[in-house]
Every structure is written in C-alpha cells, then in structure tokens.
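Just the one chain here, the form predicted alone, laid out as structure tokens.
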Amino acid sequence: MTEHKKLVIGVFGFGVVGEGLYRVLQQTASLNATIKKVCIKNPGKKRNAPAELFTTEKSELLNDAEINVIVEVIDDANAAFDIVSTAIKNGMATVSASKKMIAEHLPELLSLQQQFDVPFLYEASACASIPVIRNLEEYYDNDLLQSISGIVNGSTNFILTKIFEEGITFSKALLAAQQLGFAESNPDLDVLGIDAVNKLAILLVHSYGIVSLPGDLLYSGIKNIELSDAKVAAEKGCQVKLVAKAVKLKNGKVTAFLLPHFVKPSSQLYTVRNEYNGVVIESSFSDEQFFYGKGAGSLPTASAVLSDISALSYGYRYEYKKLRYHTPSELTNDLYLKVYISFDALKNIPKEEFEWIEEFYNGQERSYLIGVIHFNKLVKDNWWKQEGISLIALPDSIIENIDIRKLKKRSLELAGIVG
C-alpha cells in the first residue's frame, strides 16, 4: 500500500476559502497533513483558529524548511503571483485558487514548473468543487476532445435565473445576488465576464494545449441583458445563460469565446440554476459528459483545494499532455457566429457588417435582429458591448467557412430575397 507523504502546509489567506480549508482539514483524518502557519494581512481581525497559527510575515512560510506545501487563497492577483512564483522557486509544491492570477500569468507559471520541477495545482480556480481540470488532464488526455462548454460563474447564473424565473430586471436580480453574498459590492468581475473568461483561459490549456491570455479571447458578460431578451428567449423555448465555450472545428483548429447564449431544453446547461456551475465535455467516441456542482462558496472551493493537497501527497502533478506530448491546437477567429442582437436604436447597429439577417423585429421600446456575422468583426470592434445593445449567441451558433455559402443561399431563399 502506498503511504501518504506527510504534508506540512503554509497557507496565505484566511478568508472564506482559507477558513473553509482549515475546517475541512480538521475533518479529514485520513490525510497526513497539517497547517503549520497562516499568513494574513489584518492581524486585528478575529478568527476561528488559535492565535499562534497566524503571522503577517510571508517569509515565515516561504523560508520555513519544514513547510513543503504552500496554499495561496488570497484575492490580490499581483501578491498571489509573487507568493506562488517564490514558492515554486523555493522548491515548494503549491496550490492556488486564484483564477485571475493564473490566467494572466500562464506562460510564466508553465515555465517555472518546468524549470524548478515542482508541482503547481489549481483545481479550485476553474469551477470550485467540480473536478474539471483533473478530468481534462487524465480522462481526456488525448486529441479526441471535440468541445467543452460550461456555465462557470455562479453569480451571473444566479442573476439570470432570477430574471427568468421571477421576471425581474437585471438591476434587481443583481441586488438580490449581492444581498445573498453571491456577488461582490463591485460586481464588474462577474457581470462583465472577466471572472469567467479567466477560467476559460485556464481550461484551454488543459483541453487543447492552447496558452492564451484572457484579454486575447472574445468575451462579454451579462450587464446589458434586458428583461425583454429573456422574454424573447422564452418565446423561442430557450433560456439565457453565460456560456464559456471551446470547440474544435472541422479544419482541426479551435475557436474559444465567452458569450451569453440562448440555451435549448435539450442542453444539459439548461437545467443549471442559481449559483451552480455546469460543464459539458464532448469527445469523439464518449459523446457528452456533464459535470455539475457548486462553483463558489467556502466549503465547495475548500474541497477542491483539499483534493489538490491530497493529490500532492501521492506526488501528483499536471503533465499538460495536450501542450507537451501532442501538437497543441491552433486558436482561430476565422468562422462565423449566428447571433441575436437587441437594441434601443437601429443607427447603432452596423447592419453592413452582417453576412445576412434572418429575422428583424421593430418594437416600440426595443428592437432585435438575428443574423450571421464574422467572428473577427466582433473581435475587432466593440460596438456590440455598448450600453443599449445586447448580443446573445444562438444555439448551434458556430458556422464554419465551408458551410457559409450554402447556408447564406438557403437563408436568402427563405427570406424571399433570391429565387
């Protein structure tokens, strides 16, 4: 029987996740792991742990020869990178939950792991309690992955659920999320899609071997979603969900983006409500698999950190198989998207940018159109992110170059434009 390696842990941060980890470790007798020291920023704050556990000096953790695991769960991305990179350079196995830090420093973190031969695990950074990264690394460790799509931000999903089920406005739904602690007092990271696109960048490395910074990906959040959009979605038998997506195209290249989507009842993501996350992974031969669970919160996130700590006791590390043992996939913007766009004023919509428009509704207060536009035109211009405009991807929104002419001819025929 393989014996657990004894782990002596130094923790940075004792907020929601840090305290959650402290609690779950106390209830995990089978794991040969103890927290020796916790580094905090505010020593005057009352905490549910012995006072001697805490310090404000990071060197007490990073320079302690007895500590062999550093766990970083703070909310300052710059400080988090300094901690993690120092720990790796000092030969310490490291665990992090900081998706912003990881996504923004992926190239450096990949290089550091190779250079110093130290494991760095971060399951909690993607979908908290859902083991997506480990499954992409181990189960989908080949080049047969067709797509990954998911609801990866609990705050925005809670807000959209409220809009749909209670028929309230975005602002009222956001206030409810803040009152319940699902959204921060400054919710921009969530509602603008920044948190979710950070997670998409992380998942891209493990699904397709693509190293891309979040700012290089096409994304938007739900800030401009109107109650009228929810009503149109319901008329079409759909719900609106913020979906992160990476898809292998017929030419072997990969497209990746984060946009609100009309989601049909036939999709597993249709059933994901409130603060929950859901991820659908499709492979060539195993069809679809669905992962569902809480994507935020003290104990769900702490359970993912605990899982990484437990994996370290067996010497586990990410191998980045898609990046290092296969030819990494190439990211492309050369495709088309079918989108729904609602707006206050038609003059703000560049109709000439569309390949064709399938549907147009001119309402008294708000109008909408459904049309097909080249992906690159959305990348290069932000008109669709302006206030008063809402862009939502249609189900099966991706149209590849090899399909565009045939579909365009059929669409124009149906519209009565050509014979």
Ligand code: HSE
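By rigid core we mean the largest C-alpha set that fits within 1.5 Å across both forms. So that there is no doubt, residue numbering starts at 1 and follows the sequence shown. Quick caveat: nothing in here was measured; it's all calculated off a predicted structure.
Omitted from view is the form predicted in complex with the named molecule, to which the following refers.
None of 180 to 188, 164 to 172, 227 to 235, 204 to 212 except one has non-hydrogen atoms within 4.5 angstroms of the named molecule in the model of the complex; the exception is 180 to 188. Listed residues Ser155, Ser149, Ser342, Ser220 were compared with the named molecule in the model of the complex; Ser155 is the one with a heavy atom within 4.5 Å. Proximity to the named molecule in the model of the complex, taken as a non-hydrogen atom within 4.5 angstroms, holds for one residue of Leu160, Ala296, Ile83, Leu312, which is Ala296. In the model of the complex, at least one heavy atom of Lys199 sits within 4.5 Å of the named molecule. Lys99 belongs to the set of residues with a heavy atom inside 4.5 Å of the named molecule in the model of the complex. Taking non-hydrogen atoms only, Glu123 never approaches the named molecule to within 4.5 angstroms in the model of the complex. The named molecule in the model of the complex comes within 4.5 Å of no heavy atom belonging to Asp308. Positional change of Ser266 between the shown form and the other one stays under 2 Å at the C-alpha, relative to the superposed core.
Core-superposed comparison between the shown form and the other one: the Cα of Glu184 travels 2 Å or more.
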